[in-house]
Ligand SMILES: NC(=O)c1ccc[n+]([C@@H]2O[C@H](COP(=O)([O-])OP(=O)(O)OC[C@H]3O[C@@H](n4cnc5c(N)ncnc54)[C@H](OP(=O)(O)O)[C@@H]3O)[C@@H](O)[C@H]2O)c1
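Just the one chain here, the form predicted alone, laid out as structure tokens.
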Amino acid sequence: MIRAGIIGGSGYTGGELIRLLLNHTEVRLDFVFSRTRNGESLHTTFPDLTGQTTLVYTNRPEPDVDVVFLCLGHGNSGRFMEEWSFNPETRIIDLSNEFRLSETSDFKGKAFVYGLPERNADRISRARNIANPGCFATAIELALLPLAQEQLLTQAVHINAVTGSTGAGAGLSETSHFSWRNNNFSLYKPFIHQHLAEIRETLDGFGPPVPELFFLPHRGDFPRGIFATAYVAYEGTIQEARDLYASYYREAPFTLLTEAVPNLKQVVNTNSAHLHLHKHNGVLLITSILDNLLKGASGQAVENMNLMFGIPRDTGLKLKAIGF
């Protein structure tokens, strides 16, 4: 059994990791660290776990586990690793943005590999430490990776994406408050969203730098999911585009092409990403949807763990969509 620990287990991503690891056939969840909930049962924070575990939160992590998931706020992972040390053989999967870029991927001798399995599966399988991608970044990179590999992103890419309220985290803020979010829709951080840096670095990794990425992120009136559309000039036929995407993702169990225009209920509560292609007047439109807490965060982290320990990628991730 893989012995696992979670650092920061009271938020949305930590909660999803608890649920996934408790039901993972190859994992034993040894501890969940929280500074503010020490001694409390996990089900006091997550009532749906009642009867599923007797674990309580601890404020002292166990150093000899096989893998640790860091689910701390952005900028806190490095401070935590300075304060606490683990066995040199312990593998670390960080869900913050702290180590995603090449210029920040080395932390005091610990090299972090960017954890997008559809781009870096081989490197992930050999890695000791993983920087889990951002949720918007995952959706957009999956939409554009096949084009980037063939160096077909020769003109500006225009991207619109809507995320659910859980993307803002469990902490209360003005724009996550029910009274503000309900029956509402809003734009934020146009053209300057923090995930753009990792998106560009991932796409640029195939060769010449890609042109401008014009990204408009939006807040949606729903709890979870990301619905992203990207469009770019494309000279090939729609069938050529479909063949290109099918070839690129032929070994990716969670990234699937759909013939019908997708909707979020197809992917919410799953680790799947669905892609749909449409061509109009020389422009290729790619729709990319996923669950921001699973394929965009905790599910992808478990997928990375599976790769690191040499077990099938879908272990513990055969999840049911809500459907309706």
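This one's a predicted model, so the numbers in the text were calculated from it and none came from an experiment. Residue numbers run from 1 along the displayed sequence.
Although it is not shown, the form predicted together with the ligand is what the next lines describe.
Although the partner is absent here, Ala170 is a contact residue: one of its heavy atoms lies within 4.5 angstroms of the ligand in the model of the complex. The shortest heavy atom separation between Ser10 and the ligand in the model of the complex is within 4.5 Å. Interface residue remark: Ser176 is not counted as part of the site for the ligand in the model of the complex, having no heavy atom within 4.5 Å. The ligand in the model of the complex is approached by Arg35, whose closest heavy atom lies within 4.5 angstroms of it. Only one listed stretch (102-110, 145-153, 73-81, 247-255) carries heavy atoms within 4.5 Å of the ligand in the model of the complex, and that stretch is 73-81. Though the ligand is absent from this view, in the model of the complex it lies within 4.5 Å of a heavy atom of just one residue from Leu293, Leu29, Leu275, Val65, which is Leu293.
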